[in-house]
Structure formats: structure tokens, C-alpha cells
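Just the one chain here, the form predicted alone, laid out as C-alpha cells.
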């Protein structure tokens, strides 16, 4: 299937501390975003995994720990002082205000970590993988953006199989994310992950070629 290209999307200049062009990579739950990121790495381009780094930073950064505990309580970290993801997820799922405040604590730290990573890169294209690319308007800081998407029923089945969640649990998560239609309008390129890995790889390589 052809990738959608929205040429009217605003492009930014390369990051001030690098000659590399930053490409935002995103996708909702069950879209296959991580698989596409691995294909990109196999093509020789570095990928910064924002979501994975955030999981590490909340355990490594002492200042963050204090702020998160002040916001959500001591239970935000377990008896080993490790981030209590299940507890935090339950708290913020019930309150959009808490989620916003948590993001305001975590994302500046991830931004600094990303900027330090960018300084070390030498490739002319580098990719920033993040689930909230459009929600946090991070695409405006990227040269171009790539969205990985799939039909809702396919995404739901993938997550049910992967995480042993119920249909309703996955549907609930999706309902709390920005709609795919909105994301497609914002993306420069769209990769449709509805068929198989060979097709997904082919689409990924085509997008990289078109960006170049």
C-alpha cells in the first residue's frame, strides 16, 4: 500500500547541536512501531527509544524520584525504590490532570537525555521513537515524522495476544489515545502495518529512501 505523504507539514532545520535531521517515529499501541524502529536500525540509522529511556530515567534520576513521590505518593516506588509502573498507571489513568503533571516532570528529563544523545550521532538521519510525538507536539521539533498504524481490530488482537489483556482493556487504552485519523493528518509519512513483516519492511525502506 502506498505511504501517504503530506508535503504541507512544516519542516524544521537540523538540531542545533548536530548536522543530523531528526525524524519523529510514532504509533499507537499494537501498531508495530518498535518493529519498524528495528528495521530502521538494520538499515544503519540510529534510533532513540524515548519510551524505553523514560523507564530507565525514572529509576536513575534522584530528583525525578522525589518529584514523582510528591505528586503520586510513596507507593510510586516499591520497597526496592524502583518505579511502581502498575500503581502509577492506575493513578494517572483515572486522572488526566495527574497524567499531565507526571508528563511535565518526566519529559523535560527525557528531552535533556535525548539532546545529549543527538550530540553523539554522526548519521544524516536519526530517528526519535516516541508514543506521544503528536500529543506533545514533538513533531514540530523534527525534520519530518513517520506514523506506524494499523486497523483497530488488528491492533487490539496484537495487544491481547502480547499482554494477555481483555478486548475491553485494550479498547479502553486506545480510546484514551489520540485518534489514528488525527495522527494521519499530522504525519509526513504513514506506514500501514496490516499484513505481514515483509510488507512492513518494504514500506519502511521506501519511507527512508523518500526522506533521503
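Please read these numbers as outputs of a predicted model, since none were measured by experiment. Numbering follows the first chain given and starts at 1.
Below, we turn to the form predicted together with a small molecule, even though it does not appear here.
- Contact with the small molecule, judged by heavy atoms within 4.5 Å in the model of the complex, is confined among 63 to 71, 40 to 48, 178 to 186, 157 to 165 to 157 to 165.
- At a distance threshold of 4.5 angstroms between non-hydrogen atoms, residue 171 is out of contact with the small molecule in the model of the complex.
- Put simply, residue 57 is far from the small molecule in the model of the complex: not one heavy atom of it is within 4.5 Å.
- Mapping the unseen interface onto this chain, residue 19 falls outside it, with no heavy atom inside 4.5 Å of the small molecule in the model of the complex.
- Not displayed here, the small molecule is approached by residue 31 to within 4.5 Å at the level of heavy atoms in the model of the complex.
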